[in-house]
Ligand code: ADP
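A single chain comes next, written as structure tokens; it is the form predicted alone.
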């Protein structure tokens, strides 16, 4: 028998594993120690083979099986292999997201030295301490050395003496890990409405992946809770993915009513390395019934996975932008398939990818078309910012100011959304309603002022500084206006307009930790605040019963970006915002925009999600963009990135001619973290067919990118 082993070594050329002769007790997922060059290294068995692939060289043997219980299940190993093949990474890279950093021995049960009583001979005992040790051991099967030291005051010399006399016996045992409770962790089952019950029955009737398409406040979370309870009652475990770390705190309170807290594990990137390792061990032990977290929680080592839930499945944060560049949705599909687990995706504004699969029958489509208890959706008003008189109060329109006054007078709460931090703004043409953009990055310039008050333009992605143009570069109109403001500036204006209001600002400048989000939600629910102002964190999935007014201060941020997903993302944000208002009382939403006729704005104001999705899907098919086609992005960095990119682009053109396939290719510079890099983008029905013709050395490959040129 032979084993394919992925080693902890990062040596190039062995990222897809080495073959070793087995000892005989290895299984897929087993942690082992193997010889590599002149040293022993840790590894994990990813495949067993009856025969060798090549016979011309001698194989070395596995030296040690580190633990009989596999580190990862066979389904998890198969998913890692799928990731390696689909996302074009080494198997070591794809396994890296499943395992804590090496050495992996740190997550295995340790050998603990302990003692048991052989026989008690009073004449053999000398002194009070030896008597106390023997008396403590009486009636016990085995006691660890540490426990004897803490309780009976046993030193190593004392125990060595008793062992030499034959009074005690020394024995190594594996440390005890947390074990599954024999008592069900379920505390309180959710109460489902008839509509929710019908949706639940529809989901469990068919094992096929399902898309739960429910309007905001329709009660998707209650269906999640019921499915989790079903899974646990079947002796299995569940994963709930949320799009942001901050939203894990919002999820905890709901599911702590469902399950005992010790049965829940919270996984996110803010955990320290030790905390992450401890949670990993606890999950692997079987003591956890539900894992909640951002996309990395998908790789939790649950041994009896029965359910994967992806909440707000449309969010772009489910795409990892580091190697391996996986998408949680596609990877969850593979994991569910290999594990025999159920997969449910939920959203009020599904992604075009999931909507397309639901329309084609790849996913079951489950609808919740009305709010819980048939509560009405909020009324939506659109404010045209071009025709609005602001004075010094921009971007607060008179209608918005009056609505906030009325909301506060009723002792209710308001949520204000702006997709920008700080004090900055951009330059807009009031005639063609387009922003002045940087030619290099194709992103809007930000308006800044010198210490003398003179305005200038700055592109934060490239660092490029430019003069304010006298007229619009697009239509040559002279009607240019600095528009937009950051949350910091809005907070100052709110304080001056509503001096008695209690205001909370929630953005990346004020929230660095999930615990801070929990505090904000607690203050809002306890009515210790009146206005919640923030960026995207205040839009996504928050259930705040006292909020009756929600407003987007400037809805256009993103509409002008040259990106095929721009309209979809703006629509999702606007629709999600409307969902924050009127969840227990009649609500109102105000959308302020320079483009009141934009399809995204109109559809969001009329709650026409399905119509927007169908129309947008037609546009994608016509324009040959995903999900109608596939994309691959090649990323090139370094001093010769441009030369390398242009050479690769020419090779792509030759490969297209050879394969005679319908693939379009583009090459352009872009900016990442302030530094320039070059991208080559392939878009078409079968771009993978070109890969065998290309030299992709020193090229980062991004399959199904969410970003484009």
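Numbering follows the first chain given and starts at 1. Note that the structure is a prediction, hence the values are computed from the model and not measured.
Here the subject shifts to the form predicted in complex with the named molecule, a form of this protein not shown in this document.
> Would you please decide whether residue 191 lies within 4.5 angstroms of the named molecule in the predicted complex, comparing each non-hydrogen atom pair?
So residue 191 counts as contacting the named molecule.
> I'd like to check something about residue 220: if you look in the predicted complex, is any of its heavy atoms closer than or equal to 4.5 Å to a heavy atom of the named molecule?
Yes, residue 220 lies within 4.5 Å of the named molecule in the predicted complex.
> Hey, in the predicted complex, does residue 159 get a heavy atom within 4.5 angstroms of the named molecule?
So residue 159 does not count as contacting the named molecule.
> Tell me, yes or no, whether residue 480 is in contact with the named molecule in the predicted complex, where a contact means a heavy atom of each within 4.5 Å.
Output for residue 480 is no: heavy atoms all beyond 4.5 Å of the named molecule.
> Scan 354, 216, 331, 237 and let me know which has any heavy atom within 4.5 Å of the named molecule in the predicted complex.
Contact with the named molecule in the predicted complex is made by 216 alone.
> Give me the residue from 196, 592, 303, 231 that has a heavy atom within 4.5 Å of the named molecule in the predicted complex.
Comparing distances to the named molecule in the predicted complex, the residue within 4.5 Å is 196.
> Which one of these stretches, 258-266, 221-229, 77-85, 102-110, sits within 4.5 Å of the named molecule in the predicted complex when only heavy atoms are counted?
Correct option: 221-229.
> Listed by sequence position, which residues of 578-596 have a non-hydrogen atom within 4.5 angstroms of the named molecule in the predicted complex?
The stretch touches the partner through 583 alone.
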